[in-house]
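What follows is one chain in C-alpha cells, specifically the form predicted on its own.
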Amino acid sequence: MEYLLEVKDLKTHFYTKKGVIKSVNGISYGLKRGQTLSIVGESGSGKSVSVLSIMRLLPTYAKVDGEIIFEGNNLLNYDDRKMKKIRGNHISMIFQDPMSSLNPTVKIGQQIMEPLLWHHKASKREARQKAIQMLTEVGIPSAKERFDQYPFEFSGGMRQRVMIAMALISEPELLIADEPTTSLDVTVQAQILQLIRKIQERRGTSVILITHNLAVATMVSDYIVVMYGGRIVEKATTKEFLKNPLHPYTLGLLNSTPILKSRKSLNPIPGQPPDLRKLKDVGCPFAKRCSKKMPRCEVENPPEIKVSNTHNVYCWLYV
C-alpha cells in the first residue's frame, strides 16, 4: 500500500535573536491511507511544530528542510498559492484551543461553510445545507438553530465538535488533530476521540494525532511515533509498542502513566526536557535524563535499529 504522506529527514529550526531553536531535527515516517498515526512526547518535543511544518503554517524566521511528500508531491516545493489549495481542502487541521481558533464575532455556521466557499466546492445554499448536515454528524443537537449561534454560546466540548465539522466538511484526505482533547473532561475526551474514529472509518480519512497522553494514543492509533528533543526515539505499530516498548524514554512515559484500578506507583522521568536552543547536533537528546546511558550516548548519534518491519528504535542499547 502506498503512503498518503511521507515525511523524510524533516528539520525545522527557528532563527531568533536569542539563538537558533532546533525544534525538529531530522524525523522520518510514513502514513498510509485510512490509518491513524499518533505522535507522542512531552511538551517541547517538537510534535506540534512537525505538523505545522506539514501545513506550512510557520513564521518567516522558520527554516524547514527535508521532504514532505503528500500524494506524490513535495509540499516544500509549493508556493503559498498552491498551499492555499491544499489547506482546508486536502489536508485539514484541528487546533489545540477551539475558542482561540474560532472567530468570536462570526456565527458558527458561517465559519463551517468557509472551506467549501473558499475552495469553490459548493454554492452558498449548498454549503449551508452541508454545514447543517455536518453539525448533525458531529453530534450537535438542533443543528439548524445552532448554525446561527456564536462560539461563546457553545461549551468547550461542543466548540471542539464545531472544529471537527469545519475540518471535515471539505472531505480532506488527511486530518491533523493537535491535542484535540486538551482542557476537556474525561467523558468529553472519550466522546471526541470516538467521534473522530467513527468519521474516519466512514470516510476513509487518514489521521495524525498529536498528544502527550499515551493512553489516548494507544486507544485510537494504528501506529505510534515517540518524539523527544526534536527527534524520533521509537516508532512502531500500536500492538508492538504495547507488547515490546524499548527506548528508555518510551519506558519512562509508560511508567509515569496512571492505569485504572492499578496500585502500582508512578515513576516520573527525572529532570526536565532539554532547552532546544542548546541542543547539540550529536548525541542522544535523552542522554542527560537516562538511567541507562553510556559514554557514547552523549557524543554519538544513536543509530536506527530495525526491530521488525514495523518497529524501529534509536538507541545504543540495542546495537
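Just so it is clear, the structure is predicted and the values come from calculations on it, not from any experiment. Just count from 1 along the sequence shown to find any residue number.
We do not show the form predicted in complex with a small molecule, though everything after this point is about it.
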Should residue 49 be counted as a contact of the small molecule in the predicted bound form, where contact means heavy atoms within 4.5 Å? yes
The small molecule contact at residue 305 in the predicted bound form, heavy atom, 4.5 Å: no
If you check in the predicted bound form, is residue 265 within 4.5 Å of the small molecule, heavy atoms only? no
Could you tell me if residue 310 has a non-hydrogen atom within 4.5 Å of the small molecule in the predicted bound form? no
Would you mind picking out the stretch of 53-61, 66-74, 26-34, 265-273 that comes within 4.5 angstroms of the small molecule in the predicted bound form, counting non-hydrogen atoms? 53-61
